[in-house]
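One chain comes next, on its own, written as structure tokens: the form predicted alone.
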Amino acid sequence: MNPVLEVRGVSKRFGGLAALSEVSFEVARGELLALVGPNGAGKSTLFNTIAGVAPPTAGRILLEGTDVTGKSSHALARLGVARTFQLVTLFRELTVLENVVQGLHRHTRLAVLDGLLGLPRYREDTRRLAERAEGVLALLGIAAHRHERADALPLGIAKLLTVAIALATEPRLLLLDEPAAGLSHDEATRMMDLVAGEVRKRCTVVLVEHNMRIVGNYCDRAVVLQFGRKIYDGAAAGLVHDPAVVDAYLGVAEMDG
């Protein structure tokens, strides 16, 4: 069986700056993998390259054996790649439920004309999308907020909503950009319990994370970058015992936040 994600010798240059240098790793189906590294290590560049924001200068990216190198984020979304962002991006004037349904509309081929004409098939498809959205909200424990406007949500619920929007598209690969950033200890625990539990039952997860407690407690593996190069690829629990990682990262990482 092919890995869900293969990163093969990926490099990325910005002018004379090498942001990534021949990075390679694989992610198996159902795995929860963390991309780790100090600021400027290249993890955000790698994340954006995988997500189709910026094509690599060299190397290849494969999704379940298919070469998707250079495909746009919209094309990758149609192939089953979903992504969240560190900063919460929602339709602030819409309700929680409407945000998820709107996200689903962007991933379907419902005809605009059918909607304008109010045809029964459009109403039926929209009803099915709403039912799917309700199911994801219930799965993540935020269904009680379904009718609240997004701009009135506390940060913890807003971040769970971004995960719900991504998960509702039924992705094969889910990319989470620091899902616990800015959350309290209890909120971060709730978030990661869900990611490591219900979310990963439905898709493979790659996340960027600074908090070593989260990485060690929840992730199967970690890939650590330093100056754009991979210096570690192994069990998340082994991070604290690797001399290169300790030297490069753990001295400045958040260990028990």
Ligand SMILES: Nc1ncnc2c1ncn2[C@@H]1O[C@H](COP(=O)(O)OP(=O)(O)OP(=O)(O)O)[C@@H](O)[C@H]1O
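Residue numbers here begin at 1 and follow the sequence given. If you're wondering where the values come from, they're calculated on a predicted model, not measured in any experiment.
Just so it is clear, the following notes concern the form predicted together with this ligand, a form of the same protein that is not shown.
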_Location of this ligand contact in the model of the complex, chosen stretch of 25-33, 215-223, 184-192, 40-48 [non-hydrogen atom, 4.5 Å]_ = 40-48
*Only one of Thr126, Gln86, Thr95, Gln102 comes within 4.5 Å of this ligand in the model of the complex by heavy atoms, so just point that one out.*
Gln86
*For His210, is any heavy atom within 4.5 Å of this ligand in the model of the complex, or not?*
yes
*Should Ala19 be counted as a contact of this ligand in the model of the complex, where contact means heavy atoms within 4.5 Å?*
yes
